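Single chain ahead, written as structure tokens, the form predicted on its own.
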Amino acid sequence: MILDLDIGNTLSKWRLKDADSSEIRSRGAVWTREEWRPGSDIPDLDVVEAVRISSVARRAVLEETVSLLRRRVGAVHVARSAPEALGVTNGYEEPGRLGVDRWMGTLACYQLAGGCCSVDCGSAITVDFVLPGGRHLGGYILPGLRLMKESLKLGTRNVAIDPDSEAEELLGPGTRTVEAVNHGIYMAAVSAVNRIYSEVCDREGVPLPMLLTGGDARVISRGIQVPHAVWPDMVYAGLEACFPLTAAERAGRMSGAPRVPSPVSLEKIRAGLAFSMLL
């Protein structure tokens, strides 16, 4: 089995993948912490032959996790942001300071779609762009839905947005405080993503396919105005591309890869942007 770990600042997600069939056998998530207890927080390591890790948590968390795994597992692969990988040139002035989850997502999207806009809807919402040819432009970091709600300190943090809610409902005025908060932060998030996408595509003169991942991708997806796809395994797919361990991965097949959405024309993007500026 292959254990893939996506360690975030708040939540650490894992999955077990069959090394022979490339099938996903199980998944889970735990709160990120510095001390890990085998058998409780992570799968049975006796069945694991290799581990791949993407981590944006504190250095102590990563070091403790790697130390534990190397005592139990033969091969441990840790992803790092690099100046260039898999045909993509990192757009950061200091490439190592780009969050590795963003780097993994960007690499996965480029392998799938070429030029692309990758959006990760987690504790923070990140939006990254790669042009056809592999030049990463850099990106944007916004507070995520939960972070925005907590910042208001109105006692509504435990009332989450229903991911099955329709965008029309969430974009309307709230008639209770909790609704006003939820609808306000939703409007802020989707408006920002829509505007960022249009502005960058207009400036660069190219419409790009958009791919979303992260815990809030499903609900944010409902308010995105351009064709897009949700790819829950985007970060894992970046690990697969960087450290291919199965026959399917070596052949370039990434887990859960969606059909690449066809972007609208640049003319439509510019028309929509011009209209929004008139309002």
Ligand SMILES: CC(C)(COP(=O)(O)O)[C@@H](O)C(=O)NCCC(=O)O
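From a predicted model like this one, the values you see are computed outputs, not experimental measurements. From 1 onward, residues are counted along the sequence shown.
Note that the form predicted in complex with this ligand isn't included here; everything after this is about it.
Exactly one listed residue, out of Ala124, Ala189, Ala79, Val200, brings a non-hydrogen atom to within 4.5 Å of this ligand in the predicted complex: Ala124. Across the options 173-181, 192-200, 99-107, 67-75, residues that bring heavy atoms within 4.5 Å of this ligand in the predicted complex belong to 99-107. Within 4.5 Å of some heavy atom of this ligand in the predicted complex lies at least one heavy atom of Val56. This ligand is not shown here, but in the predicted complex it comes within 4.5 Å of a heavy atom of Asn9.
Remark: Leu137 does not count among the residues lining this ligand in the predicted complex, judged by a heavy atom distance of 4.5 Å or less.
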